[in-house]
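Shown below, as structure tokens, is a lone chain in the form predicted on its own; questions about how it binds or moves come after it.
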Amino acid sequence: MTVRVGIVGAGKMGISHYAIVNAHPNAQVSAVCDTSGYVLSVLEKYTGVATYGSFEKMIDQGKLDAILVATPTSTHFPCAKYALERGLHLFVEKPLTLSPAESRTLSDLARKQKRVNQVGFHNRFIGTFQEARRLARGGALGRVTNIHGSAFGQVVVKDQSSGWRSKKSEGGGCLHDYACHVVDLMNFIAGAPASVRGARMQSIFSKDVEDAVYAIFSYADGRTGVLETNWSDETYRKMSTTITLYGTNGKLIADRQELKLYLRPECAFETYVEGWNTRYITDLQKPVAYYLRGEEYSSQIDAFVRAIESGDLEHENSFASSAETDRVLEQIAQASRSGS
């Protein structure tokens, strides 16, 4: 079986996904949709792939099994809904939508149509974060008491008012385009919070959106959480995401490169000894058949293709899990607006 994929949006992420899908042994890009006639003409000339100026035409005429949506966030809902109503499997770049209600609608529709659905939260496929989840949920830390998630980078480091990410109605700002990664990763490792106790969103250089997001979470079992994100921090060469967990048996710190686990005396766990343990991504990351940007990008596409082949509707990064992330994002925005 070869999964025939149509790509909506031939920008940076769309072209990256194009290369990864076409390198997959059980998938191929059969069609591409974009608003740029020049981009489409180049793709058609040099690759021979079918091209379309609208996602409706591509979905109706492309003879596809699945589509991959890599367009500005504000366009995700109509495109995804149209594809699901016509029986296609669906991969959508993060965040799923700018509205928890729209995300739940898509989740319910995907379940009703029995179509595989996935969102591009690639951090869930990074070996260090997967090991952090396994350790936290396996009891290595004892009772987890606090979760801290952070992300810093230099996305916006000067006055900026152009581009879809700088428009609240299109990209959602730092909250939806950057902090969403951390919130989803915290949910993945430690479960979703019950509520947001307080939040602040600050504009530093942007005019229409926030550049920094801070929030405090409460969990149903008494745990607390802290979110700290700033995409205007030029002291970081590239995006740096870190998750820290505190528990009765120790402490865990994980980023993309390494996992550090401290275990108190008499709290050794499996092969992890008392005191500090360090494991690196090179030991934890599963190999992939094709490398582009990072193993996690190929891993998530492979998971999507395998879910289609097996009919697994409850696999990693479903619309349902993304709707839960969007719920938390909306609560952060509400808490910031209310000044709580």
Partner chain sequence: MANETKMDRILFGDNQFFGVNHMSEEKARQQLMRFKDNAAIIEVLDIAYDAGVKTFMCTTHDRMAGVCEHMRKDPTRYKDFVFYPCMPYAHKYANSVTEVGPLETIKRFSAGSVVGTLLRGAMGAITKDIYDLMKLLVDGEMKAFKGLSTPVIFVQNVVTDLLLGMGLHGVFPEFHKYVRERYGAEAGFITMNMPALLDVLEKQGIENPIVCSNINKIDFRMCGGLELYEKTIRERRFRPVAMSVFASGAIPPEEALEYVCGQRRIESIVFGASSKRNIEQTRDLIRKIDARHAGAATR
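Residue numbers count along the first chain shown, from 1. For clarity, every value in this text was computed on a predicted model and none was experimentally measured.
Although it is not shown, the form predicted in complex with the partner chain is what the next lines describe.
Residues of just one listed stretch (304 to 312, 283 to 291, 59 to 67, 267 to 275) have heavy atoms within 4.5 Å of the partner chain in the model of the complex: 283 to 291.
Taking the partner from elsewhere, R256 is found to have a heavy atom lying within 4.5 Å of the partner chain in the model of the complex.
Mapping the unseen interface onto this chain, L43 counts among the residues with a heavy atom inside 4.5 Å of the partner chain in the model of the complex.
The partner chain in the model of the complex comes within 4.5 Å of a heavy atom belonging to A23. Residue contact check for A50: none of its heavy atoms lie within 4.5 Å of the partner chain in the model of the complex. Of the listed positions (S107, S240, T244, T145), a single one reaches within 4.5 angstroms of the partner chain by any non-hydrogen atom in the model of the complex, namely S240. Exactly one listed residue, out of K114, K158, R134, R86, brings a non-hydrogen atom to within 4.5 Å of the partner chain in the model of the complex: K158.
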